[in-house]
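In structure tokens, the next block holds one chain alone, the form predicted alone.
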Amino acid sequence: MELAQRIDRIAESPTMAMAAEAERYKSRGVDVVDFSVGEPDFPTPEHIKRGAIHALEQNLTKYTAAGGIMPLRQAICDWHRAQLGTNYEAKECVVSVGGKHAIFNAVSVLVNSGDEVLIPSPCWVSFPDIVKYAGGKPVALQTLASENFALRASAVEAAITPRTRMVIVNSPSNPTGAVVPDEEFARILDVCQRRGVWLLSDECYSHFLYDGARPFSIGSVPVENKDKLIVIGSFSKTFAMTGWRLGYALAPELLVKAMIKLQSQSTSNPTSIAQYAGLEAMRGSMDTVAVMLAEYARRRARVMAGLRAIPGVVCSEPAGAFYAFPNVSGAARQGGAIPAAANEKGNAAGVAKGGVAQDLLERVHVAVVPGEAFGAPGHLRISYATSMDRIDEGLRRLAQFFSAAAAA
């Protein structure tokens, strides 16, 4: 079968592939500790579910405007102003079928064939492929574990070329949990403005910050204009609404109109019922977010202690999100599982793609995502959005696996 060339530019999402592989084991009755999926294990808050039920009872199940119902667009702007100090109007907001959809649409309407898009590495698996699908060229900006994987404005400025169209920043970061300091983020925005480059800020983990840090949006920085700034948000993580598929973009009105045009010819409107649930999320209590964050903090402490107790494993402290990103090349190399060490820039010679992750699933039934998927061979991404019992069991199996490798 001959397919369009553009589909061959991308690969299946490695996180989804690993989740599917774990599910295959589970379907055979295998007890898998699943650290692969970045999904809150908390239920969607009751007031949000009631919003969806009310929409059903009121027969609010028809088409809506392609860019979302106006009350939700306004509520997103109001919520964003109250929570993150921004100042957007409803005409500068588009509601999408998840945050990933908003990113896909923004890249699709801005990036031309051959345009370069700078992406800090390690990075979320979908950023490079979305750029490739649009015909652009993803350019990795390597960050260092010794600097907690934080992106610096100087690195952005040094990497910009005449072909650079956009910079994508995800803070807090998937997969590393890295957080760009507020002042440094403002400097990155300044660089982008001076150089005429778009800045896309993926802020889906904005409310999951540790050690008393407060949520931050680059959209709150007072600048002369924000004509090349896109802020992406998602209901999935903050409100435990992953399956509802609801996200948004805040951007200049002309760009929002272009994104709505594309959306009108692809998905049309986000699901009406999900939009009314999202309206309750924006207008309701934020108490559940604090509960989730407190639990994630407990889990983070347990995961970090467990990983650091395994000889040869090195792991930076995640400042946000709910992922640990350990470098296991030292531990695996003791048993010959990884033939060459990964250096801080994520380069490793001879590392088979997904080798350690696949071995973990096959031998001790722990599902993780290999670092290669994020541009960092020798690492693993561990999601601690799961129960403490599962975390403890997973850490026990990880220690068993690497101890056996060292003894081999």
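No experiment lies behind these values; they were computed from the predicted model shown. Counting begins at 1, following the sequence as shown.
The following text describes the form predicted in complex with a small molecule, which does not appear among the structures shown.
If you check the small molecule in the model of the complex, you find no heavy atom from any of Ser316, Ala399 and Phe402 within 4.5 Å. The stretch from 30-38, 357-365, 51-59, 64-72 that comes within 4.5 Å of the small molecule in the model of the complex, counting heavy atoms only, is 30-38. Residue-level contacts in the model of the complex: of His207, Arg152, Lys132, Lys100, one residue has a heavy atom within 4.5 Å of the small molecule, and it is Lys100. A single residue from the set Tyr248, Phe239, Tyr323, Trp244 has any heavy atom within 4.5 angstroms of the small molecule in the model of the complex; that residue is Tyr323.
Among residues of the shown chain, Tyr276 is not one whose heavy atoms approach the small molecule to within 4.5 Å in the model of the complex. The closest non-hydrogen atom of Thr15 lies within 4.5 Å of the small molecule in the model of the complex. Although the partner is absent here, Trp124 lies within 4.5 Å of the small molecule in the model of the complex, judged by heavy atoms. Interface residue remark: His379 is not counted as part of the site for the small molecule in the model of the complex, having no heavy atom within 4.5 Å.
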